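Okay, so here's just one chain, in structure tokens, the form predicted on its own.
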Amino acid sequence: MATRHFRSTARLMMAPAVILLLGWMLVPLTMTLWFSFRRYLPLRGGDLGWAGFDNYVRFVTSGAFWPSVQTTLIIVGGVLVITVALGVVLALLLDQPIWGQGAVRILVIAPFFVMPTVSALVWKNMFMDPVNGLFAHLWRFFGAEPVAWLSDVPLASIVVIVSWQWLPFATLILLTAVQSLDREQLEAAEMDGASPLARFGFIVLPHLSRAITIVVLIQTIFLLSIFAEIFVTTGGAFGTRTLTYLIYQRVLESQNVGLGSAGGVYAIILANIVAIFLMRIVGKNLDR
């Protein structure tokens, strides 16, 4: 009886937060679905009536849709490869006993707390500017011609900027996993003559598999909606227009709320497909 009373009280206390959270999620989703079936042009007559699936057909058949999906997946894949690979390396290095270990860890994790807009502006103006950027001065120092990063290699530049932001997160999660590794197992393998590469491949990496899948899952969900970095650096030009940026252009630049809302629904579907796929991978790793 006490347990049932405790559960009822807990549900009652959690109810306001749950209702608020559901409202926070369902109201925008419902409005997006409603507008996606309307012909809504705020500056050209407002609500012009029911459009049916016309917005969905127009959005998916436009020449910009599939390139934007491809660009989104390329950026997500590139960032995941860089952050996971470098995250494992940094986690192993930060786990070693060094002087000022706490300060070094704080410095490594610090970029994660910088706003995406600020970090993109820093990279654009201080590092990648072809005239006064740090990379331009380095290129001239070695006698090479500076590179206009954001126009010559725009996708790679976006991947580098976003990877710099998310690398601390991956490092922190992987460092926690490294610190939970059984040291006796590593010592036993070393005594048996296993090389450092063999110890990493057969002991360390399998132990990190769960942490890696968690990093991939969480980062992918957030990276699918990448926007600020592209808005600040390239403005969607040079083949860097992602699905999120395409929706922004349809809603704000073209003033077509119905068409942009249909794109938002497509973005939700894409995010759910990727999330379900990754959740299956996570589930398999957690069952091991």
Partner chain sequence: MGQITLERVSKSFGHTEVIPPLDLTIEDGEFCVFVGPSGCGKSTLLRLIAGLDDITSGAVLIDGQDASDVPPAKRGLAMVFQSYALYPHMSVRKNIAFPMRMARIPQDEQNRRIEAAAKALNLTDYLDRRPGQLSGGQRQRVAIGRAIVREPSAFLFDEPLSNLDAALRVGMRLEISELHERLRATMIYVTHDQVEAMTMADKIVVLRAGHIEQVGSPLELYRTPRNLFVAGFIGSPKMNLIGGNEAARHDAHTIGIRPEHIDVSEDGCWQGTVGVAEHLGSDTFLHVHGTGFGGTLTVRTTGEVTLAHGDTVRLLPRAGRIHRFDASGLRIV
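Residue numbers count along the first chain shown, from 1. Please read these numbers as outputs of a predicted model, since none were measured by experiment.
Here the subject shifts to the form predicted in complex with its partner chain, a form of this protein not shown in this document.
- Interface membership of F202, defined by any non-hydrogen atom within 4.5 Å of its partner chain in the model of the complex, is confirmed.
- Using a 4.5 Å cutoff between non-hydrogen atoms, V147 does not count as a contact of its partner chain in the model of the complex.
- A residue is said to contact a partner when one of its heavy atoms sits within 4.5 Å of a partner heavy atom; A189 meets this definition for its partner chain in the model of the complex.
- Contact annotation: S151 falls outside 4.5 Å of its partner chain in the model of the complex, judged by heavy atom distances.
- Residues are counted as partner-facing when one of their heavy atoms sits within 4.5 Å of its partner chain in the model of the complex; in 152 to 188 these are D182, E184, Q185, E187, A188, in sequence order.
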